[in-house]
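Okay, here we've got a single chain as structure tokens, the form predicted on its own, with questions on binding and movement later.
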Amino acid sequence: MKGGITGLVFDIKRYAIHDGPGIRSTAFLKGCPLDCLWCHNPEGKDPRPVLSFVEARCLSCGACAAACPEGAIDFSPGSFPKTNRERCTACGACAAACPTGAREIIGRRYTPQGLIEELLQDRPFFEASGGGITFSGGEPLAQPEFLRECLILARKKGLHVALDTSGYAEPRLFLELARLSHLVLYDLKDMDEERHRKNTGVPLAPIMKNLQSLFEEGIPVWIRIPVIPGMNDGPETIRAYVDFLSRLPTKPPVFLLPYHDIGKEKYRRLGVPSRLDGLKPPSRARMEELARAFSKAGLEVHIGG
């Protein structure tokens, strides 16, 4: 194993039941080349640590401003401190000084061994349920060296490993890391090239090419489709999804993930605007209607997960 490799993780979700089979622990790796309008993990986009500020916890004591070595926090008694995000280096001094935890640096650095050892604490739950570890993000492929070593270590420990990915990566690298995974959870965000580029910031064609390679290699795949009202849930788009998936040599299970707005608070904490304010999640009836379109084509379909 190469020495000195570390990775940046922004969250670990334990007892996860929607990130692959069984009970799992999901490690969320920072950094993502996509810029999806509906992203509900904005803290995972930046490959660097970022500052999160929870206003409701703030005592307006000024300790953060006094501790900041960059002078990036403007504080006046009786008001909430304001952070100049351009000057902030996410060094963590303000978070360490805050008495209530209103300030938090999101992004913890791990060695591959350190992360796998932490995740192994949940091994009894994996063994009892047929679960394991899932690597998500952000986009886990954005940290390929770290991810590679984590996958190798996890497999040596006898763990089932799943890779949750957008599929946007260099083909050779993508296949190498997919082969080290027992299961790939593939997020297929749209079927229209122009709209995909507009709403995610990247082209669709390489994503489709990488998806095809998984089936050619016989790597198990679950398809996950985020359902974003008014963007990728129109009849032509749903028909394109169904036509493509039903023609595959091995029909994968399909998981329809309804848009939700729980990420709005995360945007506020990061000091960046949410670009989909006002968009409502699809109703249960609408999700069931979409699910029927997939099941009529002989596809195994699930809502959520």
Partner chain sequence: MTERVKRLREASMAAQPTISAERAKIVTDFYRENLGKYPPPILRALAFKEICEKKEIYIGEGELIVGERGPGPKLVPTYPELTCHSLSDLEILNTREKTRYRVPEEAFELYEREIIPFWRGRSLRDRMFSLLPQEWKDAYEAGIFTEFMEQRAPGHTAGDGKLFRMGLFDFKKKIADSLARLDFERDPEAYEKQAELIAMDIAADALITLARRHAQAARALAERTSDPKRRAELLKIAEVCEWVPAHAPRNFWEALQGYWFYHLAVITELNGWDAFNPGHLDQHLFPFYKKDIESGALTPEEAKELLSCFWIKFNNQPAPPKVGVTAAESGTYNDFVNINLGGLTPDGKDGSNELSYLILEVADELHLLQPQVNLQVSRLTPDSLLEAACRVIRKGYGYPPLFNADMVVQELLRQGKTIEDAREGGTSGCVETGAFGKEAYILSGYFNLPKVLEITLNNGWDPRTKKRIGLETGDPRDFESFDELFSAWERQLRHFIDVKIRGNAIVQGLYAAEMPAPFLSIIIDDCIEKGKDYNAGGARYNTTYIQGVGIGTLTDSLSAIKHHVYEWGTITMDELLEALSTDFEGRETLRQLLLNKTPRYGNDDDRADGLMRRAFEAFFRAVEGRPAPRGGVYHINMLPTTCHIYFGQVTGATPDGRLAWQPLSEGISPVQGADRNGPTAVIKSVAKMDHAKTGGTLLNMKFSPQVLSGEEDIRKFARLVRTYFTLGGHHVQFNVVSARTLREAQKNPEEYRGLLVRVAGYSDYFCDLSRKLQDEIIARTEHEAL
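Residue numbers count along the first chain shown, from 1. Remember, predicted model here, so these are calculated numbers, not experimental data.
Just so you know, the form predicted together with the partner chain exists too; it's not on screen, but the next bit is about it.
By the criterion of a heavy atom within 4.5 Å, Arg268 is excluded from the residues contacting the partner chain in the predicted complex. Residue contact check for Arg48: none of its heavy atoms lie within 4.5 Å of the partner chain in the predicted complex.
Contact between Lys251 and the partner chain in the predicted complex is not found at the 4.5 Å heavy atom cutoff.
In the predicted complex, Ala291 stays away from the partner chain, with no heavy atom inside 4.5 Å. This chain lacks the partner; the member of Leu159, Leu177, Leu204, Cys98 within 4.5 angstroms of the partner chain in the predicted complex by a non-hydrogen atom is Cys98. With the partner omitted here, the residue from Asp233, Glu149, Asp187, Asp122 that has a non-hydrogen atom within 4.5 angstroms of the partner chain in the predicted complex is Asp122. Residues of just one listed stretch (30 to 38, 234 to 242, 272 to 280, 55 to 63) have heavy atoms within 4.5 Å of the partner chain in the predicted complex: 55 to 63. In the predicted complex, Lys13, Arg14, Tyr15, Ile17, His18, Gly20, Pro21, Gly22, Ile23 are the residues of 9 to 23 with at least one heavy atom within 4.5 Å of the partner chain, listed from first to last.
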